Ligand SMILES: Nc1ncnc2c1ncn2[C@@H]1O[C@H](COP(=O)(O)OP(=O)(O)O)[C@@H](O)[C@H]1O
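Have a look below at one chain only, the form predicted on its own, in structure tokens format.
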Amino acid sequence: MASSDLMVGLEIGTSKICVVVGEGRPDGTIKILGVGQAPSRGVRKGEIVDFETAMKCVHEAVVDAETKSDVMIRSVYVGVAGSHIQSFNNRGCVMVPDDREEIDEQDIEDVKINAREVSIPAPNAFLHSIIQHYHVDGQDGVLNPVGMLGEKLEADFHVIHGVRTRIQNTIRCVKELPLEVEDVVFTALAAAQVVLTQQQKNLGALVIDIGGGTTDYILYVDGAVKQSGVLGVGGDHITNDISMGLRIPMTRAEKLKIEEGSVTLGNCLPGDTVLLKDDSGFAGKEIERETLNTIIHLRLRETFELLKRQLEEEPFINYIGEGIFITGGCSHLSGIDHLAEEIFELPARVAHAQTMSGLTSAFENPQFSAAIGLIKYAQAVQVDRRPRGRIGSLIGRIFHGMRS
């Protein structure tokens, strides 16, 4: 197997660290060879807070993935999240030099640079500049302007940026292992690569990736990214609410949430209870099922309402014809899609990675969507070798402290 066909996605999550090894196929599909996991420690709300501890956990997950896939991992595509990540839409504009009429690759690069010539907070670095649409001499909706005749090239971009040092910490954590970092990718952007089809992106769709510590989102209209961001709320907050509300240990609360919890209210029979058996240091307890579900429901309702308010600052949510796709570890909660439908007044469904082969249990599990999406992102990059040099230099710019 050619090593260039191998791609590895690494997601350093709040609850767990996930490493997916995949092989790109000539027909554009991906075969998953193995998935490594380790409980995540030293990470809070998607960000590293204890460097040494996080590094050990990442190493455990990498070793697990190497064992399961029988592959030596040398480089990875790393997902980044955290509530420091922000985005905006901006238009770049360049004039084609007088000595030629035809738009070339350099003009494309120049208009991208021009779109980034906006002030972002001083501690921040650019993460992605994602093309939405080109315009040539006022002509809208141009997909590829290279070779076209024109005097003025404009381009609309969705720009994602975040705090440089926080991105650097993630890169350093991986480089110390030592592994090469091929690229850093916003996790919701990665998840969307495998959760949505091109048709769904064209018709308009919102991906909500709910992990342990964060809720990441990305919204597509007309095939282009229009909004993205991170809320610092996730499944751990639900667990904490259960622990506090029912006065039970966090480990018991997490187990209860996963095994017995539901987002739906009013479905329980009066007096329906869940019995928690006694354990060392824990006396056991009987819990009303409706009380448990109410705690889960209220926290998720608040999260969705917060996200809705954030999205409604722009008009794009009115144009998502395909509705909402919920993924990530928290999407397993029973009834979460119905609550999303009620709050957003849009069709919603729980989604996992598509167009994969190999380890079925991995790609059919929504908690692996982002890590598998990193491989899909890598495949798209490798199809077009040209951007790889630019990606390498992006890592260099973020890592060595220059404004990218």
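For every residue, the number given is its place in the sequence shown, counted from 1. Model, not experiment: these values are computed from the prediction.
Only in words, not in the display: the form predicted in complex with this ligand, which the text now covers.
Please check if Ile160 has a heavy atom lying within 4.5 Å of any heavy atom of this ligand in the model of the complex. Although this ligand is absent here, Ile160 would stay clear of it in the model of the complex, with no heavy atoms inside 4.5 Å.
Residue-level contact is defined here as any heavy atom of the residue lying within 4.5 Å of this ligand in the model of the complex; does Cys330 satisfy this criterion? Heavy-atom contact with this ligand at 4.5 Å: present for Cys330.
Is Cys268 close to this ligand in the model of the complex, meaning a heavy atom pair under 4.5 Å apart or at it? Output for Cys268 is no: heavy atoms all beyond 4.5 Å of this ligand.
Does at least one non-hydrogen atom of Gly13 fall within 4.5 angstroms of this ligand in the model of the complex? Yes, Gly13 is a contact residue.
Here the chain is shown alone; which of Asp107, Asp156, Glu254, Glu182 has a heavy atom within 4.5 Å of this ligand in the model of the complex? By the 4.5 Å criterion, the partner-contacting residue is Glu254.
Quick check on this chain: which one of Gly212, Gly204, Pro145, Gly150 has a heavy atom within 4.5 Å of this ligand in the model of the complex? Partner contact (heavy atom, 4.5 Å) among the options: Gly212.
Just one of 308-316, 229-237, 268-276, 163-171 has heavy atoms within 4.5 Å of this ligand in the model of the complex; which? Careful reading of the contacts points to 229-237.
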